[in-house]
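In the block that follows, a single chain appears as structure tokens, in the form predicted on its own.
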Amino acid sequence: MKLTVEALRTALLATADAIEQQKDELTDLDREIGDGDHGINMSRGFQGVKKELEVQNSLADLGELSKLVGMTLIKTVGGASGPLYGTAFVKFATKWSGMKSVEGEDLFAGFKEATEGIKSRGKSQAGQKTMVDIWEPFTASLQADSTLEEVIDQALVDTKDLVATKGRASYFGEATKGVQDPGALSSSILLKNIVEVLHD
């Protein structure tokens, strides 16, 4: 599996469109177990990314692209999600600086760094019903003989059954069981679009 600059750019543009289509669903979920603004915030952030990518056609490497995305998300996404998603892309930028494509250990190292960045910034671990519960199994599966899309789908199912113990959702306690975490869902949208563009 190989990820190139153009492939990641394509995945990000597709993510912006998919987030827009699922904006209301993300917001409705967040109304149930959060502030009710996740879809609106993610839409604003990824539309900002889309705008930047449409004017930046000469990004030299994955590091430069990832840094642009990370800084755009930090600036434009409100709530907790902006720093978390932004951190993930800034961590990609650190690992992939100067690289026009990544595969194998380099691909894994970028996602490992991003996942650890999300955990550190959010002070969260797997099992707390957050986006970590999607990023961590996905990252682990990059080193296994797994079907990545199936790993994401299973992680979504598993996360839905958890009781939130972190963030605003934790205030809702047992009521969060059986409700999809909006951050997990938006993460699945992004990661599935990246899977789509990974080249064998």
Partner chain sequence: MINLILVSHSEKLATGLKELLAEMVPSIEILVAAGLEGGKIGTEVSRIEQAFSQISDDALILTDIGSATMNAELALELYTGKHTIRFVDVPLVEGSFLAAVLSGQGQRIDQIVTELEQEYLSKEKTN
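Positions refer to the first chain, counted from 1. A quick note: this is a predicted structure, and the numbers were derived from the prediction, not measured.
Only in words, not in the display: the form predicted in complex with its partner chain, which the text now covers.
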item: Its partner chain in the predicted bound form: contacting segment from 164-172, 151-159, 25-33, 55-63, heavy atom within 4.5 Å; value: 164-172
item: Heavy atom of Lys100 within 4.5 Å of its partner chain in the predicted bound form; value: no
item: Leu84, heavy atom within 4.5 angstroms of its partner chain in the predicted bound form; value: yes
item: Its partner chain contact at Gly127 in the predicted bound form, heavy atom, 4.5 Å; value: no
item: Partner proximity in the predicted bound form: Gly104 to its partner chain, non-hydrogen atom cutoff 4.5 Å; value: no
item: Triplet Ile74, Ala80 and Gly122 all within 4.5 Å of its partner chain in the predicted bound form via a heavy atom; value: yes
